[in-house]
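Just the one chain here, the form predicted on its own, laid out as C-alpha cells.
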C-alpha cells in the first residue's frame, strides 16, 4: 500500500494511541522534535537487539535520529562509537558516545551498525560476521552478507513508547535540539536551509 503524500498543516487528526503527553520541561518547539526522530531511533535499536557491552557504530551521529540513537544505546549499556564530522566530536561525546571517528573505520569491527547517514553497503562492511545492520530508509538496506542481519526501520506510531521517551526528556536523559524556527508561511525558507546541509538540530515550523 502506498502512503499518500502529506503537507504542512496547522491541525492534524491522529489515533489516540499514537500520542503521548509532551515533556513538561521543554517548550512546544523542542517537544515537536521528539516523536518522529525519537521513535525512529528507539525502533531501530529494538531491531538490532543489542545487549549490554556489545559494540554499535552510529553513522550520522550528530543528526536528529543519530543523536537520539547514541543517547538511547548508551543508556542500555551498549558501547557506542559515533561517526560524524570532526567538528561534531564534542557534541556526540556529550550525548554518550564512548568513541568517535570522522571516517576511518576498520572492516568487521562492530557488533552492529545503525546507519542514520544512509551509507548502505559501505557501513555494512563495518559489521562483524553474524552481526546486524539497520538503516533508516525503508526498503533501502543492503543485501545481507557474511551472516549479517540487514533491516530498515519504518517508524510506526506508538504512544506508549513515545511516553517513555517524553519521560526521559524530563529526566534529562534525552537532549532535544532546535536549530531554528520558522512561521508556517515561510516553510520554503526552512526547506531551503535544510537543503544546505550542516543543520544540527531540527528546523521547526510554528503555526
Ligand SMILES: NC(=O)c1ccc[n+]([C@@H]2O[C@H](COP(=O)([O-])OP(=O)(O)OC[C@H]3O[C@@H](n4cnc5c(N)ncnc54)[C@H](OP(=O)(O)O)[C@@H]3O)[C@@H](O)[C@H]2O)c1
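This structure is a prediction, so every number in the text was calculated from the model and none was measured. Numbering follows the first chain given and starts at 1.
Form predicted in complex with the named molecule: not shown, discussed below.
Check your understanding: Counting only non-hydrogen atoms, which stretch in 45-53, 25-33, 153-161, 178-186 is within 4.5 Å of the named molecule in the predicted complex?
Key -> Of the stretches listed, the one contacting the partner is 153-161.
Practice item. Flag residue 80 as yes or no: does it have a non-hydrogen atom within 4.5 angstroms of any non-hydrogen atom of the named molecule in the predicted complex? Key: No - in the predicted complex, heavy atoms of residue 80 and the named molecule never come within 4.5 Å of each other.
Review point. Does residue 57 reach the named molecule in the predicted complex, with heavy atoms at most 4.5 Å apart?
Key: No, residue 57 is distant from the partner.
Check your understanding: Should residue 74 be classed as touching the named molecule in the predicted complex when contacts are defined as heavy atoms within 4.5 Å?
Key -> So residue 74 does not count as contacting the named molecule.
Point to revise | is_contact(residue 165, the named molecule) in the predicted complex, heavy atom dist at most 4.5 Å | key: It does not: once the named molecule is placed as it appears in the predicted complex, residue 165 has no heavy atom within 4.5 Å of it.
Exercise for review: Identify which of 105, 132, 123, 117 has a heavy atom within 4.5 Å of the named molecule in the predicted complex; exactly one of them does.
Suggested key: Spelling it out, the residue with a heavy atom inside the cut-off is 117.
Exercise for review: Output the sequence-ordered list of residues from 58-83 with at least one heavy atom within 4.5 Å of the named molecule in the predicted complex.
Suggested key: Stretch hits, in order: 60, 62, 63, 64, 65, 66, 83.
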